[in-house]
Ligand code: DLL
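A single chain comes next, written as structure tokens; it is the form predicted on its own.
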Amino acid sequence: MPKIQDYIYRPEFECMSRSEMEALQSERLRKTVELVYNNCKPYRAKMDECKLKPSDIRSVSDLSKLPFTVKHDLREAYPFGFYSSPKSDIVEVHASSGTTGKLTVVGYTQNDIDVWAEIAARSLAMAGVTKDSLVHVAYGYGLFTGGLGAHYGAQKIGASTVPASAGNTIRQLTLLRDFGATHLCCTPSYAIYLGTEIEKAGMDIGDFSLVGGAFGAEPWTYQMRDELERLLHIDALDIYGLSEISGPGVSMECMQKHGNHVQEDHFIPEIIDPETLEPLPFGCEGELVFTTITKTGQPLIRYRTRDLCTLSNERCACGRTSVKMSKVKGRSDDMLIIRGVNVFPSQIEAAIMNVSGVSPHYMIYVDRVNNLDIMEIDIELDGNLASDRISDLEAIKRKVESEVNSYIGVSAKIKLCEKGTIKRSEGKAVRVIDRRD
């Protein structure tokens, strides 16, 4: 086990035996169920409808008896109807936007902020952050949880923290270089953008001090990790979180880079079939569900994240015993159905990244012509591509077409674009424009 300061590495929780973890989860689950039943009207109504009382939930084996929670439930109770603590105990409020016009509001007590800082610190420690590190946070600050989550975690460790927030790329690069940041926290798509802009800004990556980073808030592939590590000369690790459960830090990759460790002493993960809603065993792909067991402001029971992944209970070489989740393949509500085939943007990204000569910057357009679904993928050429011969460009185009067809089983029209022509995102990347009715 690597040497990590005791206050950011908690072996008594992160290396528990399965029986010890289940005992702890059961104790905390019982208290959480009692809390929400007695203090949250929507949960009391849900449990009464199922004819469930808190005393019916004795251990984690009873978890499947409890009803699910979905984002619509939170919006129906807008703004504060899902609180399980008095409003006077809520010290911070976050929210995410939605297509209905109503925000999904989440209230945090001081206990919840402390828990969040703890799990974020543990997560950043997996990326090698110590009290001697300088962490550059380029997630957005505000109602979005990304910026403050990474900020709280870095401060809990005792690292120097640069709250750069998102935007103003030239300033970001200048601060990263001049301040000597060792770790970067932002979306992977923005990190890629920063990496490609270094040379354009007249800078040299050799003048930077970066060694690692925690990247999340959007699905990204192993191929994108390879490109990100090549551009920035770092270890790029996946961090996962969502404001409804807790911001970044719910799970995190270690240096083994083979799945995200779930902070199981605070969150119970499940995988369910999104159609039947039945729990699935380890190794089966399905929808990720979380139950919070230490939050007090707005605990959530069996919250359906809509994220698709797998869970594994195999022991990690790093020594941690917590359940690991795979990289998120996509969201069940982001899935495209094209000519009857289920397609995720992450599959297309993986196909693109297998082709030399193109960059990670792309946009997917879906339309319907004469009752037939069509898909076009605009992809920027790699700025390092020396040849502009038509035969070379046609070869790249055919290779991308072949890779995409192989990955998703659906043909797509490929359009190669000049470097810098596809709009960049400073937050979560927008990858798909669906023009079908």
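Numbers for residues come from their place in the sequence shown, where the first is 1. None of the values given here were measured: they were computed from a predicted structure.
Heads up, the form predicted in complex with the ligand isn't pictured, but that's what we're talking about next.
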Original post:
Contact between Gly107 and the ligand in the model of the complex at 4.5 Å, heavy atoms?
Top reply: no
Original post:
Does the ligand get within 4.5 angstroms of any non-hydrogen atom of Arg331 in the model of the complex?
Top reply: yes
**OP:** Evaluate Ser243 for contact with the ligand in the model of the complex, applying a 4.5 angstroms cut-off between non-hydrogen atoms, and reply yes or no.
**Re:** yes
Original post:
Even though the ligand is not shown here, does Glu197 get within 4.5 Å of it in the model of the complex, heavy atoms only?
Top reply: no
Subject >> Heavy atom within 4.5 Å of the ligand in the model of the complex - residue from Ser96, Asn342, Thr174, Gln223 >> reply: Ser96
**OP:** State the residue from Gly286, Pro219, Pro269, Gly128 whose non-hydrogen atoms include one within 4.5 Å of the ligand in the model of the complex.
**Re:** Pro219
Original post:
Which of 234 to 242, 269 to 277, 74 to 82, 311 to 319 has heavy atoms within 4.5 Å of the ligand in the model of the complex?
Top reply: 234 to 242
Original post:
If we check the ligand in the model of the complex, which of the residues in 110 to 148 reach within 4.5 angstroms of it by a non-hydrogen atom?
Top reply: Tyr139, Phe144, Thr145, Gly146
